[in-house]
Ligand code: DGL
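Listed next as structure tokens is one chain, alone, in the form predicted alone.
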Amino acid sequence: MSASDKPKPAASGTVHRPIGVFDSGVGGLTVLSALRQRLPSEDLVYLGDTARVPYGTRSPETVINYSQRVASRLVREDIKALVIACNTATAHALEALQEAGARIGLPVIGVIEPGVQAALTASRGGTVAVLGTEGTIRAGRYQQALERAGTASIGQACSLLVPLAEEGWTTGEVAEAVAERYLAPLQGQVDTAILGCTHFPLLREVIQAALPGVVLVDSAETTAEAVAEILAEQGLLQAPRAPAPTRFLVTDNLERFVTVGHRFLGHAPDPVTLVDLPDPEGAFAAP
């Protein structure tokens, strides 16, 4: 590696800044949990855009606009990296956010590429299913990445699994029936399935029952690993220490976020602050 290829050392004080994580609501808490396990010394700040949830049924232009607002707000928290813990936002807004982040030296990481890499490793040479919201499947980013790697794919929107996860109906007859209705056509057609929505790990049991013998890939862990690698390359990893408590920001319905967040984290998110999303500023302002 030449001197010009080596990662630039982090600016003084940058290492101690938090990692920003965002999602349209609570689903990204599965990614947050994976980050906490992989990077126990890092401070984390999570923003759930609960005033505009869900992103999965919005147009690409709207998702980009919302994502720019969220990113701009998290930059005000003095973050050192931005993790898009939302499949739909990654599908539509990753490129725009990465371009903006590059202008201010902020690495931006999405969940799709790590999930694809995990699926390619897990697949036994068969077809890979992508399970997600309508917006994620319609965007086709998972499918395109898999097919560029020479792997056939099938996209399956499973939007009703999202409210089931949030209501805590992750097992039982209703969850089983919904999963079976969505996934029965995939039986015998795929050997691997990407849980392309951050809510779906909570329904892993019923999804697995509907797809017997299929390897399920959760991109949360591989996303956390990708974040760790990027921070290490850029000299941004925090030395071992006790981190500050994770902070949570929401744009609406704080009480519901706490209630549903408990189902995702196993404990109530705390502290939680209600914030607004003004027009994006600086690098994240729309051109």
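Note that residue numbering begins at 1 and tracks the sequence as displayed. Note that the structure is a prediction, hence the values are computed from the model and not measured.
Below: the form predicted together with the ligand, not depicted.
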(message) Check Val53 for me: does it contact the ligand in the predicted bound form (non-hydrogen atoms, 4.5 angstroms)?
(response) yes
(request) Verify the contact flag for Lys80: yes if a non-hydrogen atom of it lies within 4.5 Å of a non-hydrogen atom of the ligand in the predicted bound form, no if not. (result) no
(message) Even though the partner isn't displayed, in the predicted bound form is Cys197 close enough to the ligand, meaning a heavy atom within 4.5 Å?
(response) yes
(request) Mark Thr192 yes when one of its heavy atoms lies within 4.5 Å of a heavy atom of the ligand in the predicted bound form, and no otherwise. (result) no
(message) For the interface check, one of 128-136, 167-175, 113-121, 68-76 should have non-hydrogen atoms within 4.5 Å of the ligand in the predicted bound form; which one?
(response) 128-136
(message) For the stretch 140-156, I need every residue with any heavy atom inside 4.5 Å of the ligand in the predicted bound form, listed N to C.
(response) none
